[in-house]
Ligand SMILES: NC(=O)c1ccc[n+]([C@@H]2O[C@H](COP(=O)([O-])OP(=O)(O)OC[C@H]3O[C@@H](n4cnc5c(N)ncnc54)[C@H](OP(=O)(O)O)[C@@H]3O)[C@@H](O)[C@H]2O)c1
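Starting off, we have a lone chain in the form predicted on its own, written out as structure tokens.
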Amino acid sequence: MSIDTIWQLYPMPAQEVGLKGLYLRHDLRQYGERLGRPFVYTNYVTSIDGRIAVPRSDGPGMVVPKDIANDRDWRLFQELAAQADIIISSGRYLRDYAEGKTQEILRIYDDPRFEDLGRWRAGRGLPPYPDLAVISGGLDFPIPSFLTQSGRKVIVITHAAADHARRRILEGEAGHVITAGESAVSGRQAIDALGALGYRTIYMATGPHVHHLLLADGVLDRLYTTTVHRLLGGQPFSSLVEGDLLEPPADLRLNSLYFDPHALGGLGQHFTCYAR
């Protein structure tokens, strides 16, 4: 078995498939157009014991554990990001970005490994980068000028009770601030507002609290997970969803399951996709 292939376990029958292009072949852009509404999806890498993030070693905040981060998962993350019209992120991401603590979400310019994704977008008439949506109640972040260069839009999604002075500042920097909710951001209102702006393929690439917003309002269509075959332990940590008990629970069906035996020196990991 080549290191460039993995096992598709579901849908059956089991077969070898290529890792590169795996999620591009899911062709996510078709769904928003076909449904006539935004198609929303997300992705996490996790340990067996459910750790998606642990405390940073260089300051406050959480970060993906280095013991589960790996190039094979990162490749698939990029394939999901490349298919988006807009990527949902957070105020913390922009704060970290401005301080040089994090990188551009979609790495199609400065990493030769992902040049094919730039060609993929260009071949479909898409701009080099998806637009960026930032969900925030506090509005305590800057918008780096790089993000709005070359016509890229940054859309801030907040609630009616958010600080009006900060809102005016961000309107000057980003040009577009959306109100979605009265005292807290509503997941459904946020997605509806993005849909009204013409966005159909939406990738949520931020943490478990925004994940909860989307699940609670029933607007998440697909959940992708990479489960690395490691147990990490430790406190505190972030898991896939954080917030109040989901009532009713968010029911998802298995869409696809892959086994990657080559990750982390042969330790292995599973790639799973669940659909609403």
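Since we're looking at a predicted model, the values are computed, not measured. Start at 1 with the first residue shown and count on from there.
Missing here is the form predicted together with this ligand; even so, the following discussion is about that form.
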{"item": "Non-hydrogen atom within 4.5 angstroms of this ligand in the predicted complex for each of I135, H159 and G207", "value": "yes"}
{"item": "Interface residue in the predicted complex among D71, D140, E99, E182, criterion: non-hydrogen atom within 4.5 angstroms of this ligand", "value": "D140"}
{"item": "Touches this ligand in the predicted complex: K153 (any heavy atom, 4.5 Å)", "value": "no"}
{"item": "R95: touches this ligand in the predicted complex, heavy atom cutoff 4.5 angstroms", "value": "yes"}
{"item": "Distance check, V45 to this ligand in the predicted complex, heavy atom within 4.5 Å", "value": "yes"}
{"item": "This ligand contact at T148 in the predicted complex, heavy atom, 4.5 Å", "value": "no"}
{"item": "Which of 193 to 201, 163 to 171, 83 to 91, 113 to 121 lines the interface with this ligand in the predicted complex (heavy atom within 4.5 Å)", "value": "83 to 91"}
{"item": "Partner contacts for 45 to 61, taking this ligand in the predicted complex and a 4.5 Å heavy atom cut-off", "value": "V45, I52, A53"}
